[in-house]
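Next up: a single chain in structure tokens, the form predicted alone.
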């Protein structure tokens, strides 16, 4: 484990970022570490360089700093990348590459730790937030930091239902709850509650989904025309792939949405029989055994056929 204060002790400027299209783990991790460093290094300028997350995270501390832009020409003494690799942090990448020191804290098995000077990568951790908890230290928590870490953990382990939930994860969560924040409200607002438009999009995705591989796989797609019809953005698609995954008999779920002409953002989920990290990695993406993603080009059916070929390798008796 790294000593984050030692790594930052001489820094006058610190930047913190995470991956594009930040999810709950990314948002919670960035928020928690920002708060801790801001409290611990009072004479250091600390900046958050993160794409604007979904509005469901608006109550997370430091959310207002996650604007998706940064107009200063700062050359950071230390730049910290959370829950990601260097080439997935969007506009923040140019600042990270110019920093005097780079630190990476991540839990993705696809992260080989080659981008940064200092790496703390633990693929067995439930989430990046779990690693941030360790780096900060329980003795340095307060209610707001604990709240941020809790959000990160629950979003990456599916409110403790995914297989990446370990006894250690549950012990950490129990410690966090000691700080007294309203955790049922957090779960409802950031995990389950949806707008009317989000529910409409979810309904369309389920209605137009297709089963294949003898019902072991399911796929659905939202194109730009449909996004424009509902005035929806990628932030309205949270939870769709997980809803597809829990269809009875399904082992692997695919959800994709169009991000450009013949270009799709792919989300993959597995119930255990398929290692979707291998599938995503083959197409230049990454993630975990049961949750991964990538970007692919082609028609919807071309993309689906290419994904199917890689998935089928893990179902040797299926066509």
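Residue numbers count along the first chain shown, from 1. All figures in this text were calculated on a predicted structure; none of them were measured in a lab.
Another form exists, predicted together with adenosine monophosphate; not displayed. Remarks below refer to it.
Of the stretches 66-74, 289-297, 31-39, 52-60, only 289-297 has residues with a heavy atom within 4.5 Å of adenosine monophosphate in the model of the complex. Interface residue remark: residue 108 is counted as part of the site for adenosine monophosphate in the model of the complex, having a heavy atom within 4.5 Å. By the criterion of a heavy atom within 4.5 Å, residue 278 is excluded from the residues contacting adenosine monophosphate in the model of the complex. Put simply, residue 101 is far from adenosine monophosphate in the model of the complex: not one heavy atom of it is within 4.5 Å. By the criterion of a heavy atom within 4.5 Å, residue 88 is counted among the residues contacting adenosine monophosphate in the model of the complex.
At a distance of at most 4.5 angstroms from adenosine monophosphate in the model of the complex, all three residues 19, 265 and 285 contribute at least one non-hydrogen atom. Scanning 26-49 for heavy atoms within 4.5 Å of adenosine monophosphate in the model of the complex gives no residues at all.
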